[in-house]
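We give structure tokens for two forms of one protein chain below, kept apart as structure 1 and structure 2.
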Structure 1
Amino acid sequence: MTVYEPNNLPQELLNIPQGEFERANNDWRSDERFTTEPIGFYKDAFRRLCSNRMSMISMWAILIIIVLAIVVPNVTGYGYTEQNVKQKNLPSKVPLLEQIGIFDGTRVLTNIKKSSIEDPKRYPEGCIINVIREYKAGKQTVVDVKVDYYKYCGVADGEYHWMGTDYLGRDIMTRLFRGTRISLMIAALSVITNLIIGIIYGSIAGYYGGRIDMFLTHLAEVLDGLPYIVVTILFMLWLGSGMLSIVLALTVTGWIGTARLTRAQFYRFKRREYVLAARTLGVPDRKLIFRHILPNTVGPLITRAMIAVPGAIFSESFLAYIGLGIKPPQPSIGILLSEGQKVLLQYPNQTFFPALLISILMIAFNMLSNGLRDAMDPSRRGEE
């Protein structure tokens, strides 16, 4: 085969007319087109998450609770601070369900003098449904009666408190969902703050390494040595009750886990060739950290954030129980629970509904984060 120099071609080759060329293959050739959409890591993870039934149920439960928390306090017709001293500790009464005998606003009153139930001033017309038991105590005849507590307290006919009222006559449903709103806000805010601080701290420690890393890691370790209860209580005492102080108190040591995770991921990825290539091309440190290495940690961080949410909700109620929660007229799930606990044996409905809601919320968040972890964990990628 003869090799021609490009600027030294023989005459017959230079003068070939254009028209004499012909395609060797006339049909148009190209790579086969992908008929399916490309699936990236997150899409893949999301698809796996969707196929996990428990996670999907949990996600819907959380969404429904969020929607209820936004909508319900505005539509019940009661304000969350609206007191009515005459309508204290009402049992729950729900339209429709009252027909079949549950949540019908009745309550059994025990140890009442028989003579007093005929007194229309204390027991208004029609409020007594039936006498359950009649017995003698000394000379008095004493009875246990089932009363329509709403009529007994003089509540107008069309009024319903679906979950009853508390010791100041405030509607529990309004307060519960308003409290859910606040609890969720506290959880979200504290998780976001923890993430931001933890990511920045962990990236700096992990990226720069060496002495900076040693200093930062030891500092975090000392902070981590402080017991969680002590730090949280100290912060709450220092900052006073309120939403912002709870968020801050949960942040003091909460970011350390995130920082540790981020640091570990940085150690894994910072020596990779692609980072070296970027650095050789003159990419500044800041961009290397946030554009090139950090995205690798997003998966585990999302899982971690999800796991932290139920923890924050729990901490909030825990603080409310020991009297360091949110400022009084504002409700939160924890406040309602601790108020309900005081009258648990007399009015169980005041504890029941907040307890049910917090349980559903916590289970749903835990299930969802379990599902997310399974979906995101790269070691499980591809196995189904």
Structure 2
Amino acid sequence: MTVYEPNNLPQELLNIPQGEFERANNDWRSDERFTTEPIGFYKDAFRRLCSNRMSMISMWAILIIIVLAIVVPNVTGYGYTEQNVKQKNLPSKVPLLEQIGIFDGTRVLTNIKKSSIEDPKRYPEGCIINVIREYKAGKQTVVDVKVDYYKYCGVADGEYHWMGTDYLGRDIMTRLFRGTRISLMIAALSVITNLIIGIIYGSIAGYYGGRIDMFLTHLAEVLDGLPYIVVTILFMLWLGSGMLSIVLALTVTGWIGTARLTRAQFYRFKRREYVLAARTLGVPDRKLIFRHILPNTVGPLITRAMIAVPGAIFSESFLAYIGLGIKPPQPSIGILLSEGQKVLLQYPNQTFFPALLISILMIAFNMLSNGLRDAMDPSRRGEE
């Protein structure tokens, strides 16, 4: 058998006719062409998120609440500080629903002298709907009556308070959505600040490693041990109660979780081949961090940010509930809950609506964050 060098092949071997060639395998098939368009990671994640029904419902619920927080305080016709003590503690009254006996502005008054219900000065004409119960209390005859509380308080016909009023006659719906706007702003500012600080801090610790990482990690552990309530009180004493104090209190240690996540992601990706190749070509550290490594951590960071939003809302509400919130008369969800729980048994509507709204927000953000976590899981890429 004659062996030829690749560069010294005889001329007769270079001029073999095409017909002399035949396939070595008759079952050879060409690769199938890709008939679908290429899908990137984020487009595939968005498609998976859209297929998650609960996440989409949660996202729409959050968007609706945000729109209501922007629009409602401007269209109710009442100011969030507007007081009318003659209309204090009114029950809920909603147009159309009042026709079927729901949120109709009625209330039951108990232990009323039977003789007094005929006094037009105390009970204007038409305010008493019916007598529920009549009984003796000593020598007096007392009754429980169902009244139209709006007429009883002298409210003009056609005036509605969908969620009632508080102890100063302020419209609860106006204050609730105004407070929701403030609570969402505090949550958004604190989460964005925590993300920025945590990403920068964790990137430096994870990228450089060694003594720098050890120092930054131990410093974060020390800060994480600071008592949250004590830090908040110190900011209140220094800056006074207000939005800035709450945001700073939520930021002092709130970035530590983000920094730890970012650090772990940098340890995972910084020795990958494409990073080593970029470093070999002389790419500076700043570009390596923010252009080559950090984009790979975006998915987990987005998920963590969405989880942090309900936590920030709850923290702000808790601070307002214990009296460390923003200055009155500015409302927030926590302030409304704090005021409503004092009269929970007498006027449950003042607690019910703020509690319902914060419950919807907490559940919606948690469901959406769960959907984002599943959608951005690389191991599930390509799943429907």
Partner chain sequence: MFKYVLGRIGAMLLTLFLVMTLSFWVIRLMPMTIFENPEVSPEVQRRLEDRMHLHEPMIVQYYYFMKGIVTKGDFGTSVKIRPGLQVFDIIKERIPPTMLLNFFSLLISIPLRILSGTIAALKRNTWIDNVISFLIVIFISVPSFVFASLMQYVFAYAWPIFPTLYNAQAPTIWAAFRSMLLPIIALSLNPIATIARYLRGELIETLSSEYMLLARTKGLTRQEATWRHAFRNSLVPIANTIIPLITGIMGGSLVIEKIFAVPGEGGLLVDSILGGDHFLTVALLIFYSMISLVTIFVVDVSYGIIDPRIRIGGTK
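Whichever C-alpha set is largest while still superposing within 1.5 Å between the two forms counts as the rigid core. What you see is a predicted model; the values in this text were computed from it and never measured. The first residue in the sequence of structure 1 is number 1, and each one after it adds one.
Looking at both structures, it is structure 1 that matches the form predicted together with its partner chain.
Once both forms are fitted on their rigid core, the CA atom of residue 228 lies 2 Å or more apart between structures 1 and 2.
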